[in-house]
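One chain follows as structure tokens, the form predicted alone.
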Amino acid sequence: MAGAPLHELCPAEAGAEPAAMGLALGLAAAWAGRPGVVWVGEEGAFAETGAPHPPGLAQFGLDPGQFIVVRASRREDCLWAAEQALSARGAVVVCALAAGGKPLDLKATRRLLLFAERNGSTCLLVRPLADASAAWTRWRVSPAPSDAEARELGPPAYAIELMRNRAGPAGSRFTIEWNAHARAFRERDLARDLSAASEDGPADPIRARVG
């Protein structure tokens, strides 16, 4: 997944929007470089999940000083702002769309892809499940139960399914946990960094894309 220009993170059902946002935050934290992270969202998306909170961002492993939030009242403005942010070389841009409104067409996702490809940036598109897309990967995201001891707060955990993969097979399902100190996801069952790779490349090419 790392290195591809456009990915979709889709809530698996109503109420799973915070899980998709959490996965986007983790990936942004893992991939953020000098340009930082730009979070562009429709007002409807902020109404559903709330706005990013600086203390929470810091606990997630993100530097609030390198995190820009853009709120857009219209979907057209949200997509335009995401395209402009993707013009910053190496930027990570989260584009969060609300459940309501007209679905994106293939042209809109192609524009995001082209802006990201031209500038070596990355777009994480958080939106409801849809058919038309130019994204390299599409993930269906659900919250996963905590693996912590009783009465303790464990790391954020997500159940994810790879629904679309332009670089190979799709269909894998697994549960991951976010480690804010390492800025990496680990697969719960394998207890290893999903971005880990052997000298010959990723041990598992599908799971390694999440890292």
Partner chain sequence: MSLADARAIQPSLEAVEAEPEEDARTLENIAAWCERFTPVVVIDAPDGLFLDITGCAHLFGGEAALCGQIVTRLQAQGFAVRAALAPTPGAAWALARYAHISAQERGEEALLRAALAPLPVEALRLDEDAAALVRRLGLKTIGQLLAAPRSSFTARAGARAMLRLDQALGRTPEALSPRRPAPPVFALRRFLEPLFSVENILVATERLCADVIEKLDLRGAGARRAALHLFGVDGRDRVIEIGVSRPEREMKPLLRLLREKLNRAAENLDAEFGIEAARLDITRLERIEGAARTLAAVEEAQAGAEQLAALVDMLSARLGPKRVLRPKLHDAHAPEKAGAWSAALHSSPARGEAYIPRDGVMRRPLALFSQPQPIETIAAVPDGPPIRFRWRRVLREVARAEGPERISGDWLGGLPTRDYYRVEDKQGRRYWLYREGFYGDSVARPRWFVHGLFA
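Between two forms, the rigid core is defined as the largest C-alpha subset superposing within 1.5 Å. Residue numbers count along the first chain shown, from 1. In this text the structure is predicted, and so the values were computed from the model without any measurement.
We do not show the form predicted in complex with the partner chain, though everything after this point is about it.
- Looking at 133-141, 99-107, 120-128, 73-81, the stretch with residues near the partner chain in the predicted bound form, meaning non-hydrogen atoms within 4.5 angstroms, turns out to be 73-81.
- The three marked residues, A14, P55 and A58, each reach the partner chain in the predicted bound form, with a heavy atom inside 4.5 Å.
- Of the heavy atoms in P145, some are within 4.5 Å of the partner chain in the predicted bound form.
- Contact check for A85: a heavy atom falls within 4.5 Å of the partner chain in the predicted bound form.
- When contacts are judged by a 4.5 Å heavy atom cut-off, G65 counts as touching the partner chain in the predicted bound form.
- Using a 4.5 angstroms limit between non-hydrogen atoms, S172 is distant from the partner chain in the predicted bound form.
- Taking a 4.5 Å heavy atom cutoff to the partner chain in the predicted bound form, the contacting residues in 137-156 are P143, A144, P145, S146, A148, E149, A150, R151, E152, L153, G154, P155, P156.
- Taking the rigid core as fixed, one finds a CA shift for H181 smaller than 2 Å between this form and the one not shown.
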